[in-house]
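Take a look at this single chain, the form predicted on its own, given in structure tokens.
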């Protein structure tokens, strides 16, 4: 029976010392057709292990309904890693951070009565246990103790950055053991006292996460764990982007230098990320610091393999370092994926959102506004509709409290945007008689890290006209998971919210990137697949990645949901990314 064990300062596998050189690839951020390609490139770089989180919200989209197919087929990903000769480290959460929507927690948890997240709270624990009852038996046959590639699993994730409930952590640990997980268990936290005090357990290997200063970080780890292997479970060799900020890059030489300093200390390392992939659909997370900072659609992360899976300068710099310590085949040079510029595509058909509500939603009548989660909705948009009477000049419309970004329409006319944290609202003139008031709210991605974790989306409190709360609403949930029901017509409107559709032909399948110059903000669908959000006004990302497996030979469909306006209904498919 093979097993990864700890003997003094060394990891031992199959009776021999083994240094873990690992990298993170999240199966849920990469189309399955590309899993093997990315894993082979990792192996060729000299790595012996791949690490992945498990995204609970992918696998249990609704309470008690489980999904382990397609991009959710974690077992196939792990088996593929084993086939190419890689060990696997699994970090099953239940919380993962990962700049992923709600840190991997399912949004429907927020509707559970009495729930408190990430602590020994019975409603939360019961849901975690029910998920682990399904997940862990699937992973058990893949453990190295059963002949599979999984050598280690994590208990929670960076818990010391959130709380200190040891009863909760111990419940997770014992629950894993009870369900047959007999591989090495570990925790990972930042290299600080509060984090290491709160996030660790006796008898469970402690690891630390950082991007620089390895000497100081491992010295701090030594204060809490003597005579055990040094392991950086997250070496942040790149970084992620928020909308409205600059694109992050880190020099290859700088990342390689820190990596080699760890190797010289005898440490094991897990690169976060080795290949970042993409936050497809509405699955990007967000950070909060008095203001919401949503993560962009690309999760390129300035990783050794870029978003399209191509080897970068950082890849070769890292491989050069590894070759000093391990024997690798340096003659293999990973080929970039085939790219193609399919050119301009005119979107000749349109369907206005307000004209299409009956096709894609059914209204819920409610005296008061309700957030998404209380209506069984996880992601996307939500529309609140009511009637106001006039004439009223200089009236103030206020939303208390909007999560995250609301477009306000009066009689179908756009009045303005109210964003999260806006206390002022909008000043409007209400005409004589009765007028429709529409408030379209976008969930920009749930907070994935920190004390603000666990939020409702949509209008979370209420809407006021001057000092008076407005009641009697029709609420339309708009997860946009059924846009095939839209009825398109020839039209040339330049303002949204509007769905625009066009077709293009493919003779040779290749990766491509969609550029939306002249568009403002919205979502793109390719052949019904939600690629994710664009927001040209904010940047830095200017293109969305389209992997070749999402296309098919012959005719392909593009639908763009534009929230504001476009210069002209034309997009371009180009052969390179523009990330800022």
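Residue numbers count along the first chain shown, from 1. Source: prediction; values computed, not measured.
One more form of this protein exists, namely the form predicted together with a small molecule; it is left out here, but the text below deals with it.
Peer 1: Is residue 157 a contact residue for the small molecule in the predicted bound form, using a 4.5 Å heavy atom cut-off?
Peer 2: Yes, residue 157 lies within 4.5 Å of the small molecule in the predicted bound form.
Peer 1: Is it the case that residue 307, even though its partner is missing from this view, gets within 4.5 Å of the small molecule in the predicted bound form, heavy atoms only?
Peer 2: Judged by the heavy-atom cut-off of 4.5 Å, residue 307 is well away from the small molecule in the predicted bound form.
Peer 1: Would residue 77 show up as a contact with the small molecule in the predicted bound form if we use heavy atoms at 4.5 Å?
Peer 2: Result no; residue 77 lies far from the small molecule in the predicted bound form.
Peer 1: Can you work out whether residue 56 and the small molecule are in contact in the predicted bound form, taking contact to mean some heavy atom pair no more than 4.5 Å apart?
Peer 2: Judged by the heavy-atom cut-off of 4.5 Å, residue 56 is well away from the small molecule in the predicted bound form.
Peer 1: Looking at 368-376, 464-472, 316-324, 235-243, which stretch has residues with any non-hydrogen atom within 4.5 Å of the small molecule in the predicted bound form?
Peer 2: After filtering at 4.5 Å, what remains is 235-243.
Peer 1: Considering non-hydrogen atoms and a 4.5 Å limit, which listed residue (442, 99, 300, 438) is close to the small molecule in the predicted bound form?
Peer 2: For this set of options, the contacting one is 99.
Peer 1: Can you pick out, from 395, 356, 460, 209, the residue that has a heavy atom within 4.5 Å of the small molecule in the predicted bound form?
Peer 2: Going through each option in turn, the one that passes is 209.
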